[in-house]
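Below you will find one chain, with nothing else, as structure tokens; this is the form predicted on its own, and questions on how it binds or moves follow later.
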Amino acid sequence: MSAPFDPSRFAALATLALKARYVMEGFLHGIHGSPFHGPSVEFADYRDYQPGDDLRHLDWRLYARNDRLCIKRFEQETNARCYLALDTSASMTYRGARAWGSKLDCARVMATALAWFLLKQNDAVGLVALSPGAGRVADGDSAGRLCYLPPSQQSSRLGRMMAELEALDSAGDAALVELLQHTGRLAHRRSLILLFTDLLEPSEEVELAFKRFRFDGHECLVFQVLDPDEIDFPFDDPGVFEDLESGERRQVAGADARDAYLSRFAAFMRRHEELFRLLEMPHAVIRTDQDPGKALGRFLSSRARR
């Protein structure tokens, strides 16, 4: 890994909480809202008393005011099942002159930081990625390139995840659709999905996969990792550009092509921003020439304010 994980770079995240906005189906008490109800410190609502209900949960003050017997219901808090999904498409290996690492390097660092952070708040964390020859063959994985760690809260999970992240390599072609399909298949219960990708795979199947996440009740946070070269196209001289996934090459006129490129890139970003807005999926752009710790801190702080 070009930029190894340094916990001190993410010390500021320790005071923040990544609390899922939608209900999670966890199996231990934690900080996330649950679809189940029971005794807890968080009051949810009232319901009418039914014979056989525990009298300890009657609200006698409400009865004194309204002459109604009502039971207090409390929202049981739970931990979340979290899946870190890393896009290993060939485009993720790009590294421009201004970047501290490739997009895949940046995704590795952020995934490690968030895994540490989520385990610290007692959530179960798993990993889904595609990597040639690195992983196990699973149902629906005919190519045998699925890297999958099921969600776990064990203290050893971070070390195992760091080893798997270090071993990840580019899948050699476009892999985002396949990654999203595997993630949706493996996340059996409502879960928190943290996706790290450049989204450079325009496809209706990608949009359908995101819609499927929402339909199944998952909360998906999208971290779009981009190189500054892709954002502002700094190239002035004519040259040959190669598509890392298809191998196609094209002569580009440098500065003369900048306006057209930036116009198309802006339209590309708007389409995704609109999609994520409609699906209520938080979306953060992470640049590979900036400190990922600060970017994550800003994202979690803004999310907490909302």
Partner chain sequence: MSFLFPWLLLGAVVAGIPVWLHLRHRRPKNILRFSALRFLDDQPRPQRGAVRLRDPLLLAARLLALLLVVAAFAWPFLRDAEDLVTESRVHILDATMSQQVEGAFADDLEAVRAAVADSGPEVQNAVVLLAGEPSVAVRFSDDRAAADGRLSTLEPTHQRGSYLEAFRLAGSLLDQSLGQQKKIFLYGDHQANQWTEHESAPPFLRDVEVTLEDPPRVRARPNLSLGEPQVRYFFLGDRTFVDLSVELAHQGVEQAAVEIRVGDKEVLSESFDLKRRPRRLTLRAQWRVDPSSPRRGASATSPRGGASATSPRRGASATQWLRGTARVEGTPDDLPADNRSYFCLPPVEEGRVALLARSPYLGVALSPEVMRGRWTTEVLDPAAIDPDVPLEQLPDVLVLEAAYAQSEQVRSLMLRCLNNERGVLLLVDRATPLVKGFLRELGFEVLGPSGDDDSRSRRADGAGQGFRYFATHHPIFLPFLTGNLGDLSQVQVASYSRLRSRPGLSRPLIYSSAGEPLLVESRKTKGRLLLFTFGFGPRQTDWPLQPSFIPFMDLALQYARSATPLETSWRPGELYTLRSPTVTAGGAGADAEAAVPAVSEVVVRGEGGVELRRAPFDSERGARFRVPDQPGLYDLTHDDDPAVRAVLAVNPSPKESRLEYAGEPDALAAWQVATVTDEEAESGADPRLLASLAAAEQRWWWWLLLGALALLTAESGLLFLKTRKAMP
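Numbering follows the first chain given and starts at 1. This one's a predicted model, so the numbers in the text were calculated from it and none came from an experiment.
Although it is not shown, the form predicted in complex with the partner chain is what the next lines describe.
I'd like to know whether Asp54 contacts the partner chain in the model of the complex, with contact meaning heavy atoms within 4.5 angstroms.
No - in the model of the complex, heavy atoms of Asp54 and the partner chain never come within 4.5 Å of each other.
Is there a heavy atom of Asp169 no more than 4.5 Å from a heavy atom of the partner chain in the model of the complex?
Contact with the partner chain, no.
Closest heavy atom of Gly159 to the partner chain in the model of the complex, within 4.5 Å or not?
It does not: once the partner chain is placed as it appears in the model of the complex, Gly159 has no heavy atom within 4.5 Å of it.
Even though the partner isn't displayed, in the model of the complex is Lys103 close enough to the partner chain, meaning a heavy atom within 4.5 Å?
Because a heavy atom of Lys103 falls inside 4.5 Å of the partner chain in the model of the complex, the answer is yes.
The chain here is shown without the partner chain. Which stretch in 182-190, 107-115, 214-222, 196-204 comes within 4.5 angstroms of it in the model of the complex, by heavy atom distance?
Single hit among the candidates: 196-204.
Taking 4.5 Å between heavy atoms as the contact cutoff, choose which of Glu280, Glu274, Glu242, Asp48 touches the partner chain in the model of the complex.
Going through each option in turn, the one that passes is Glu242.
Is every one of Thr88, Glu178 and Leu208 within 4.5 Å of the partner chain in the model of the complex, counting heavy atoms?
Judged in the model of the complex, none of Thr88, Glu178 and Leu208 sits within 4.5 Å of the partner chain.
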